[in-house]
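The form predicted alone is given below as one chain in structure tokens.
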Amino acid sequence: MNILEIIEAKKQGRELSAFQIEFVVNGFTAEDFADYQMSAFLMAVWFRGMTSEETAYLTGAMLHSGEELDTSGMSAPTADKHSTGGVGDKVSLLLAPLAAACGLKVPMLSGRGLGHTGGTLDKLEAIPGYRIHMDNDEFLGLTEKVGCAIIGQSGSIAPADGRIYAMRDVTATVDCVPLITASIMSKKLAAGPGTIIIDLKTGSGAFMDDMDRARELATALVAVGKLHGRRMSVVFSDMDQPLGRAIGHANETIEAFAALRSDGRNSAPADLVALTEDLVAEMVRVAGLESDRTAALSRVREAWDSGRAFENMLSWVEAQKGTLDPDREDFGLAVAPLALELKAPRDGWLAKINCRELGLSLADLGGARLQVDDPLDLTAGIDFLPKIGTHINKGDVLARLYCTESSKASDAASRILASLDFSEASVPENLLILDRYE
């Protein structure tokens, strides 16, 4: 067997065996063949696709290229959530301690943001002292003791994914459902959770802006998870507008933690609350702690309103050496000064947002990366106030921009304003939960 035979087989649309796929993944990881040959293989997959079995084989080969965490000794069911990414998506910061307060153990490996989407690790690094790296034993020990832990993926977890993703990034093969599936699931499976819930975002601020493609990805993710013995569920959520109000790192972290206070379910942004409690209820139900969604949602709301989730959050952050002051509204996190208030230029209903552009406006402030090694200002941020369907009067504040340079704020404000469409007639509000699949 050689790489040329495998490229030719996939080019002709033939189904590959587990052995052939392992040969490709292991050979490329070990640098046994040239980058251009892997490029040819990826392009053949892009054009010809993969069966669910091939995608599962690819996921397994990438998973087995590194370490796999063993959560079988945990004292409660294990569960995790993966979001496909969006603007203002700080759900993981609420979800992990809330799910722990509901009786789950949540070992979460998270990543950084790139382009218009924010990364959980970047938000956590806005917390002074927070440790995003630790060895596997310490990570699992903290998860067992506190109920949840969130760290960055180490080089020992699915290392093949890192090499293959870098090649996909420069060969225009990122938008390929089997390759996306294997990349997501190899990392999530490596952390060892028994239940995996996918928050699959669709809309102008998501990587999947087409519902048909989103359904295709959901089908592939669930099939691969089940073939690897995991309990799976997908929630399709709207990303045609930011989630919550805060866009940034420190300010998103503050919004997330404030929402966990015992009165937060009634005072925090309604969409942030609704999506978080829905996803945690799915984790509770699918993991088997409750038999139906209604009972699971009741458990989630009790854990939230009682203050247990907030206390879990404080314990988790402290266990990872982060410093928070719960008596302060900003928890002691540094936020840049208010640089500009963007006001509505006319009366009307907010009809449409180019959410991707709104996310990129954070990069204008220095708070998001366009390249992997870009420096990041964790204090920069935006509070975007209206939702689609809101009536706005001329002069109303649309957004507040926080940064250290007024020129950056002006550039970002221009981008935000250009991303908005107004209507003279009333516009319906967007649905938040679009569909489900399992």
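Keep in mind that what you see is a predicted model, and the values were worked out from it rather than measured. Throughout, we count residues from 1 along the sequence that is shown.
As for the form predicted in complex with a small molecule, it is not shown, yet the points below apply to it.
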- 4.5 Å heavy atom contact with the small molecule in the model of the complex for all of 283, 299 and 308: no
Only hit among 183, 92, 233, 202 for heavy atom within 4.5 Å of the small molecule in the model of the complex is 183
Residue within 4.5 Å of the small molecule in the model of the complex by heavy atom, from 130, 207, 139, 257, is 207
**Asked** Using heavy atoms and a 4.5 Å limit, would one call residue 81 a contact residue for the small molecule in the model of the complex?
**Response** no
- request: Indicate whether the small molecule has at least one heavy atom within 4.5 Å of a heavy atom of residue 187 in the model of the complex.
  value: yes
Discussion item. Would you classify residue 165 as touching the small molecule in the model of the complex, given a 4.5 Å non-hydrogen atom cut-off?
Written reply: yes
Here the chain appears without its partner; judged in the model of the complex, the stretch of 165-173, 360-368, 239-247, 98-106 with heavy atoms within 4.5 Å of the small molecule is 165-173
